[in-house]
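Quick setup: one chain, the form predicted on its own, written in structure tokens, and binding and motion questions come after.
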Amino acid sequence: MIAAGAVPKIPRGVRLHWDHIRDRWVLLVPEKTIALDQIGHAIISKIDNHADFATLVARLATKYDAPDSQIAPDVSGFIETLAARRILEVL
């Protein structure tokens, strides 16, 4: 699980983009495109490169009216997976 004070960051060269051809949100990364589902888009859209993990989870919990403890493991897993693929950074 990601530490509460860790800051998820979208690195240079990676950006969130609405793909009109695919009619969905994607992450554009060097030499590839990653299609996002609704949950992935919700998480990525809340990453502002300044807010820590606890703040990110709190924002999502408020938006979706769910307990932080229920959302945190899923958000952490998503971020950790993208960080392992070097698509996100966790500072």
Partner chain sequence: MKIPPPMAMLAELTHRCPLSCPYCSNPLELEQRSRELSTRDWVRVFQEAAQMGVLQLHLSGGEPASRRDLVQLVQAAQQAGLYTNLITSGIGLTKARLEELDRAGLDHVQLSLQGTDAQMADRIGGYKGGFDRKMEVAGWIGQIGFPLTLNCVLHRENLHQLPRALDMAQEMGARRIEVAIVQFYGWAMKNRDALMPTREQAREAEVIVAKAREVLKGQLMIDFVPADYHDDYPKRCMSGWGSVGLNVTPEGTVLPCHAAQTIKHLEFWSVKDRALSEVWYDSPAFNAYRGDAWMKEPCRSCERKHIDLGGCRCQALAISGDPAAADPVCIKSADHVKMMQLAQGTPGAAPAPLQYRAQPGKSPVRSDG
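The structure presented is a predicted model; accordingly, all values stated were derived computationally and were not measured. Residue numbers count along the first chain shown, from 1.
Keep in mind that the form predicted in complex with the partner chain is not shown, yet the notes after this line are about it.
- Taking the partner from the other structure, the partner chain in the model of the complex has a heavy atom within 4.5 Å of a heavy atom of Ala84.
- Mapping the unseen interface onto this chain, Ala72 falls outside it, with no heavy atom inside 4.5 Å of the partner chain in the model of the complex.
- Ile44 falls outside the set of residues with a heavy atom inside 4.5 Å of the partner chain in the model of the complex.
- Using a 4.5 angstroms threshold between heavy atoms, Ile79 stays clear of the partner chain in the model of the complex.
- Site residues Gln38, His50 and Arg59 are none of them in contact with the partner chain in the model of the complex, judged by any heavy atom within 4.5 Å.
- Contact annotation for 1-21: residues with any non-hydrogen atom within 4.5 angstroms of the partner chain in the model of the complex are Pro11, Arg12, Gly13, Val14, Arg15, His17, Asp19, His20, Ile21, listed in sequence order.
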